[in-house]
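Okay, so here's just one chain, in structure tokens, the form predicted alone.
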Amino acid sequence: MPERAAQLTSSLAGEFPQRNIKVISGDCNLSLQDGLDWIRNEGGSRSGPHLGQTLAFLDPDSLELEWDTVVRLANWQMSNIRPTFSRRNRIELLILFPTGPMRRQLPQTPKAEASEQKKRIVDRLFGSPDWRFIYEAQRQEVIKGEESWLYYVDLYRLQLSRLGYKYTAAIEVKNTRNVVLYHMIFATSNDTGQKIMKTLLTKAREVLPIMVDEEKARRGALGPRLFEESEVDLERIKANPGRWAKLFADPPVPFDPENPKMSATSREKMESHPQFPIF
């Protein structure tokens, strides 16, 4: 919102006086182009941030992120840069995929079904109604359990591949009750970007126990809580940080309503992948 954007602008200017930072208020689905135009205008025909490697972190609270926004980001550095400059660096994406909000808004039983209005919101999230085949299979209990949410993640990764991304991966994050909270989806066409992401995920194994200790100290000082878990659960996370998130990097496969078990990441593949915590 405008007031919060103004506060953030002032805060960032004070903390990073040498940095050129722009905060734009409003719905990012509508105002994204203003930000992209600003970045492009910061450079010239052969230099500037619009020609470098760029990462977009898309962090919706629920189902607000529209597929058209992802498309604009994916295509931004691929065309109409400058007629005298031929380099193309597709923006790398790190997207919080709202598994938990989808679970809450899409009833998964034969006797309950989401309204058409809610379905249209999910259509905009995926840029396609193809997710409805997965949802119907969930409602009819053809697929069920925590693993059933991987079908949606695979579909989203497929959509990113169709935009031209060479590599996609997803990190599944669970709470201490073994419930999937969300997936973090990474997309890149850059070989180095893929290596950097894997390195960061490996480092996270070392960082998570440190964060747990800091959280416990913060609670002792009556500071704000970062984790919702209890003290006992925090000790469990610290003792086995690799358990609380899984990485899926196999190429995604389209959902087949006639043979769903062959179209999602199998349990065997899930357990064969390295497991990384996310922070």
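Everything numeric here is computed off the predicted structure, so don't read it as measured data. All residue numbers are counted from 1 along the displayed sequence.
If you look for the form predicted together with a small molecule, you will not find it shown, but the lines that follow are about it.
Inset, instruction - Answer with one of D27, D68, D213, E231: the residue that has a non-hydrogen atom within 4.5 Å of the small molecule in the model of the complex. - result: By the 4.5 Å heavy-atom cutoff, the listed residue in contact is D27.
Legend entry - Residues E113, E116 and F133 all lining the small molecule in the model of the complex, heavy atom within 4.5 Å: No: no residue has a heavy atom within 4.5 Å of the partner.
Inset, instruction - Consider D37 of the chain shown here, and say whether it contacts the small molecule in the model of the complex, taking contact as heavy atoms within 4.5 Å. - result: The answer is no: D37 has no heavy atom within 4.5 Å of the small molecule.
Inset, instruction - Report yes if any heavy atom of E64 sits within 4.5 Å of a heavy atom of the small molecule in the model of the complex; otherwise report no. - result: Answer yes; at least one heavy atom of E64 falls within 4.5 Å of the small molecule in the model of the complex.
Legend entry - Contact flag, P60 vs the small molecule in the model of the complex, heavy atom cut 4.5 Å: Result yes; P60 sits at the interface with the small molecule in the model of the complex.
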